[in-house]
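This document starts with one chain, in the form predicted alone, laid out as C-alpha cells.
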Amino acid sequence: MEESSGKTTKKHPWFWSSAVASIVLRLVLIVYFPNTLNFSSRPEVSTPITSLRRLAEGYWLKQSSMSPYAGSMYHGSPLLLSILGPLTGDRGEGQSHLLCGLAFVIADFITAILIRAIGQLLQVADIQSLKSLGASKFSKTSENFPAGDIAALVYLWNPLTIITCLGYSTSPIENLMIVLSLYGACRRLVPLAAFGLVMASHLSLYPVILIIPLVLLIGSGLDTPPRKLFLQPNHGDGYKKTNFSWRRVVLFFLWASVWALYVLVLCSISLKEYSGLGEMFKRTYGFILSVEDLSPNIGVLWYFFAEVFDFFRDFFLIVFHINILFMVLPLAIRLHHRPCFLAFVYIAISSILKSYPSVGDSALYLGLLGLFVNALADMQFSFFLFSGYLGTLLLSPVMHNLWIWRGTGNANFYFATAMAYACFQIILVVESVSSMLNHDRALKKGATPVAKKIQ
C-alpha cells in the first residue's frame, strides 16, 4: 500500500509547486501591502478571542506590570501571549506585522502538510477496505484521485485561509493544533494526539468535543466502510476483524491529563505576578460561555443576546451551548465507523454555533472537507452552496459598511448576512452527512462477495 501511495504522489508533482506558490502569495501580500489590506479590523476575521490587536494590548499590560486580563481587551491564552507577544513590540516600525505574519504563514503551511498526510493515510485505509469488500470500482477511483493533495491545496488556496493569515488572526495556530491532534490520532501517536487536543482546547474551548473522534481513531483506526458490511458471512474470508484497543485509549487520557497539568503549571508561572488561574478561566472560558462582548461578527449569538431580556439571558445561554452537546452523541453513534469525517462534522457544527466565530473556522472545515472528495462526489447543491458562501462573504463587509460607516443601514442588514451564512453552513453539514451515508449504502450494494469472486 505504501508503494501505491508513493506512486500516487509521484503522479502529481504539481502539489509542491502549488503549495509554494500559495506561500509566496501570502508573503508578497504581507510584505508589500501591509497597510492596504486592512483585514485585521474586519469582524469576520478578528474576534475578541483571536484578535492580534487585543493580544498586543494584553502584552503591553503585562510589560507594564499589570495583569494581561485587566480591563476587557485580552481573553486569550497566557502561553500564546508569551509566544506571540514579543513579536508585537515596536509596532510603529512595522516589524511586528512581518514577524507575526511569517508565524501565521508557517502555521498554515504545516497545517496543509498535516492535512495531506491525513489524506494519504485515509486513502491507503480506504483502498484496503474496499478491496476486502470486493468493490473494485470504488477502489480504483480512490487510487487515482489524491484526496490528500486536493484537501491541502484547498486549505492553502482558500480565500478565507489567506484572509485570516493577512488579518493577523490567531486562528491559524488553533487550526494547527486541531489538525495536529487528528494527525496524531490517525497515526496512533498517542502523546501527539493528546498534546494537540489539550492545546486546541486551551486556545478555544470548543475543540474539546473532538475527544470522541480522537478516541475512535486511536481505538479502532481510520475511516472505513461500516463494519457490518465486513461481518456478513460472504465477506468473512477477505477481512480480519480488528478489536478496539482500550489500552491506547487509556494511554490517551493519561497523556491528555499530563499535558493539561503541564499547561496549567506553565500558565500559573506566567501569571503568578499578576493574577491566578481563577482569573484566567474567568477571562477565557468564562468569557466564551457568557458571551459578554456583543460586538458584531459573522455568528448569530451577538444579535440575539443584544435583544434578549436580561431575565432570560442565563436560560438562553444554557440552551445555545448545550445545543452543541445534544448533537455529539447521535452523530457519534451513526458515524462511529468514520471518525475523521465525524471530526469534520464536529468542527463545522462548532464553527456555526460558537460564541465568536470567524472565517478562519470555516477555512479549516472546508479544507478537511476535501479529504472526503471521493465519497462526497455525488453531494447535491454544490454550486448552490459555493454561490451562497461567496455571496454572503462579499455582502457581509458591504452591509457592515452601510451600517457602521455610511449610516444608511442598520444592524438587521448585517445580521441578515450572518443568518444566511449560518444557513448555508447548516446545509453543507446536512448534505455532506447525507452523501456519506448514501456512499456507504452504495458500497453495500456494489460490494462483490469475496467467496464468489474466488470461485
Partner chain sequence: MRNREINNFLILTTLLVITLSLSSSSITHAAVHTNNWAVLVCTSRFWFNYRHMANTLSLYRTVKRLGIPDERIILMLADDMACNARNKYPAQVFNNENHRLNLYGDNVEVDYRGYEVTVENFLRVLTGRHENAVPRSKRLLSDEGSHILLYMTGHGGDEFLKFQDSEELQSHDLADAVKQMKEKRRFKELLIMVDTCQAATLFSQLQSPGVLAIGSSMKGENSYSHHLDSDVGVSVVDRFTFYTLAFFERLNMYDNASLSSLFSSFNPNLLMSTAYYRTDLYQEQVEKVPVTNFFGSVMKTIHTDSAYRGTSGKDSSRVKYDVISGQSDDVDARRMTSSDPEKQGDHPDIKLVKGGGCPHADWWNAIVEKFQGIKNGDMIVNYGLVGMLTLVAVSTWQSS
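Residue numbers count along the first chain shown, from 1. What you see is a predicted model; the values in this text were computed from it and never measured.
Not on display, but discussed next: the form predicted together with the partner chain.
Engineer: So which of Tyr274, Phe109, Tyr285, Phe305 reaches within 4.5 angstroms of the partner chain in the model of the complex, heavy atom to heavy atom?
Structural biologist: Checking each option against the partner chain in the model of the complex, the one that comes within 4.5 Å is Tyr274.
Engineer: Can you pick out, from Leu192, Leu301, Val154, Met73, the residue that has a heavy atom within 4.5 Å of the partner chain in the model of the complex?
Structural biologist: Answer to the contact question: Leu192.
Engineer: If you check in the model of the complex, do Ser295, Asn297 and Leu317 all have a non-hydrogen atom within 4.5 Å of the partner chain?
Structural biologist: Heavy-atom distance to the partner chain in the model of the complex: none of the three under 4.5 Å.
Engineer: Sort through 350-358, 331-339, 114-122, 255-263 and report the only stretch with a non-hydrogen atom within 4.5 Å of the partner chain in the model of the complex.
Structural biologist: Correct option: 255-263.
Engineer: Can Ser82 be called a contact residue for the partner chain in the model of the complex at 4.5 Å between heavy atoms?
Structural biologist: Contact check for Ser82: yes, within 4.5 Å of the partner chain in the model of the complex.
Engineer: Considering non-hydrogen atoms and a 4.5 Å limit, does the partner chain approach Leu325 in the model of the complex?
Structural biologist: No.
Engineer: Does the partner chain come within 4.5 Å of any heavy atom of Met66 in the model of the complex?
Structural biologist: Yes, Met66 is a contact residue.
Engineer: Is Lys62 close to the partner chain in the model of the complex, meaning a heavy atom pair under 4.5 Å apart or at it?
Structural biologist: The answer is yes: Lys62 has a heavy atom within 4.5 Å of the partner chain.
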